[in-house]
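Two forms, one chain: they're shown below as structure tokens, one block per form, named structure 1 and structure 2.
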Structure 1
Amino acid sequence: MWQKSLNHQSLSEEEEKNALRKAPSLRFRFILAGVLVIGIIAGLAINLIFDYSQKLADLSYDRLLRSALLQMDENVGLMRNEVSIDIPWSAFATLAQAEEDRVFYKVESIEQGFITGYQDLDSVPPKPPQLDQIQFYNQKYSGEMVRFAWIERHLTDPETAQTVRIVLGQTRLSREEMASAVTQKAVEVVVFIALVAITLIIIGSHLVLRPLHRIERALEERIMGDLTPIDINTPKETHHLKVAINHFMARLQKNLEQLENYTADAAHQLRTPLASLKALAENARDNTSADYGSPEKQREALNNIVKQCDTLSQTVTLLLNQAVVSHRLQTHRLEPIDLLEAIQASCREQAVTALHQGVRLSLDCELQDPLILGDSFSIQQMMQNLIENAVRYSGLGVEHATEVIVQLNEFDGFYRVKVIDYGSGIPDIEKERVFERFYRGRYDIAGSGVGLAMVKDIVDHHSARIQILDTEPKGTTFQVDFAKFTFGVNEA
């Protein structure tokens, strides 16, 4: 069997490589997800930086503009009822800090009109003007985008009152330069951080997956048939995987043990009838005395041999059924089945055999669709064994019992199956042992000693409960309780 699996491996090495190439890589997914997330974050950050650097540049240079505007504003006065302005040199020295930026301005009063500056500069602030409130805004002038500062205020003296408006603008060259310098630096930092993060993810993915490789190596390095639990230290995150593997190996171990048991069973089962068959055949061959040499005796000896062959055949069938049942139990999922149907099928099958042995088999049930979660074939096997057993025990004892009753009743939450015989019964001391493999209560009855063990296996697998009770006045009752299947409950 191991050899076979090795062959399988070597045969498909090429295929395996192909499959490996096509298989999704955990590490690749991990890195890809990381890179995507970092990329998105970096993108957002850069977007924010673009916005922020613009604001920062405007903030800094707006201060210059404000200062220049206020210096101009301070030098506005009324002279002989006329607004006059003497722009201080320092105002424009302030603006000259933005070295390459052109400057435009206009001073006007609502009453007097244009006073000085650029007469065609008609700049309107975006918000409704408020006295003494400086407004900053961008507007195109002289073929370039210009940042304007705008202020309006009252000038009063005893004889006149005027509203003066000063607009001072500066092109955006220095601002753009500063913004792009800030952006460039920040983008460099963001890109650097993103690259470092990606590198860490790549290294991290390697580190994270290392325990998996360790488990993999630990398994690879094992000798054949070593199914002991993995005993290496792994991080918490891989603990469950380790436990699962160990669990899986334990199941494998159990299966292997079962297989060994089964093989032993089979050998045991077949040895006795074969030995007895051999003895019968030898008898028939060796007994040449007149007594036994008669054709009648020979015929009787041959009959015995045939009978023994039947028993052997039965045993082989039973073993085969057991093998099928145990395979089914391991591979098939339980599903909702009609318990009655399975019981009826078994009864039908067994009725004739029972009659041959002088036993009448009856089924007592009035239920409709008793559903349980189970495997129909296994249930049938279970019933067959129980009925066979009952029929067999009916033939024992002083009086030959003539009846075996199968009952199916409904209780709160479960169905109870009873197989009742009126045979000799089982002493209490043996009741505990009948489910042991190869335990045979009475060696004078034919039987494999496997049947009830299989029944127990099936019952256990269905999470059911089996009990052996005494029948009144005599005999044995096997009682099995199956939980009811209700939709939505057992499934969960």
Structure 2
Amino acid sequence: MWQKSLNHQSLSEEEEKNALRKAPSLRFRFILAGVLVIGIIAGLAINLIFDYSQKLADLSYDRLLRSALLQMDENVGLMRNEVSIDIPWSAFATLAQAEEDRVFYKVESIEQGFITGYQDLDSVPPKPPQLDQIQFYNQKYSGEMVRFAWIERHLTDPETAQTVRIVLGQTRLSREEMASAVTQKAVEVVVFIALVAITLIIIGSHLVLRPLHRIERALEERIMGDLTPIDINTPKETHHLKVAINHFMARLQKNLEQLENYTADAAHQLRTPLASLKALAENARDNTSADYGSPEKQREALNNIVKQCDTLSQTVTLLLNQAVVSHRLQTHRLEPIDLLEAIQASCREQAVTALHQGVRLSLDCELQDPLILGDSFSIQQMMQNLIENAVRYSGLGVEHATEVIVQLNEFDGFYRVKVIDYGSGIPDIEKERVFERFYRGRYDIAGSGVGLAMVKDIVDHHSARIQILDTEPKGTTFQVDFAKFTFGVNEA
């Protein structure tokens, strides 16, 4: 048996390890989310850097291209009604700063045609031409991507007027080299920052999860059965977790106390009838006198044993119902129920018992679908205890007090249930104590002393109110008020 327990324990530990390996890691998710966010930001930054480096390179070299174009434009003039140009060497010297790039140019007149440069250079700007406005654009020429500067202007003299167009292009090798250098440096900085950020996230994940480890250690270091609240300082993000654990342990502590109370109730309630039943059986077995051996005495002894068995059966049923009610109150949510149906079911359950005791049980209600927020089984148990208690105490020392009336009436905002009997009544001094566990006003009447205590628990769980009133002219009335259920209001 001991070896079997060890094997079972080992199996549980192995299963726990397997479950731990398969469980998702919160720290891994935190780091992965951080890496993904940083990766996206880094990707966007690199893309922006690439675009910026291209624009920066174009801006820098476009200034040289503009300067060379303007120098060429300054040397264009009209001689003998024809366009002439003397291209200065300074223009090419300006562009020569990009040593690896080649330069292409073309000067033409709309009226005169080709003047100088590359005759096959038919480059046209993408935008509509505007006089005296320089346009920069990229176009392929001679198998390479070339950066062009384009300008068009009028030349006039007293005898003629012509439109001159100058196109100046430069390959993009130096521009691409400059853009690559800028991009490389910037990407190195971005990657370095991203790596630092990821490192900080990894370190931060450990610091962020440290409060969870503290809560874990606080729980593991506790002795078995210690359900006191966790009393350690935690950040706001884990405060609600600590509060939830404390609330759970409080509910668990309450359940354990209820279990202990139920065990004590069961031991208290079963000990007396079992001892009495054993004594009756022993007397029936050991008494061998002639009087006891008569059939009448034997029948009386057996009747006493049967009566005691009935008492024991009722006690066991009550304890089991109490356990079920206690479990339902802890685990089941309240839902809309028909209060009248629960009361009718309780009256049907107690009708035969009342009839055997000569008590007439009646239900007075004219309502249709009285809805409350509750648990139907618990309400039935409450009503059965109230009706059973009223039937048991009816007719004691009072003539013709053989009626128990159950009433259900509607008021503004609540329903009122009354269980009315015309028995001997309850003294005012005892009305506050009847709901105490094991308290019994009269010990000459069979009872357990826990029925009304269970009634009080059910009433409190339903946020209802119970009162004990005097019946005129004699007797006791138990009055319970339940709040009405209204769709939309109670649900919210």
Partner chain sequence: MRRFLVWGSVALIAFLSVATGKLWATEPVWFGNVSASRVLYINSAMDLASFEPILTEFVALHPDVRVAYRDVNTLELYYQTIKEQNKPQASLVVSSAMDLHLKLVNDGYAQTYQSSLTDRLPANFKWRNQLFAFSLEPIVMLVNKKAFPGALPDDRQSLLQTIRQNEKEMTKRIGTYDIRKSGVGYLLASQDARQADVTWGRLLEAFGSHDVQTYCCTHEIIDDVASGKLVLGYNLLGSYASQRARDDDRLKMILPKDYTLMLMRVALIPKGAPNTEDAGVFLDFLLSDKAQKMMQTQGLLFPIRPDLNSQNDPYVVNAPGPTGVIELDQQLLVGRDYAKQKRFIRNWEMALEISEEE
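The term rigid core refers to the maximal set of C-alpha atoms that superpose within 1.5 Å between the two forms. Here the structure is a predicted model, which is why all the values come from computation and not from measurement. Numbering for residues begins at 1 and runs along the sequence of structure 1.
Here, the chain labelled structure 2 is taken from the form predicted on its own. D338 is among the residues whose C-alpha shifts by 2 Å or more between structures 1 and 2 once the rigid core is aligned. The rigid-core alignment places the CA of F148 less than 2 Å apart between structures 1 and 2. The Cα position of I305 differs by 2 Å or more between structures 1 and 2 after fitting on the rigid core.
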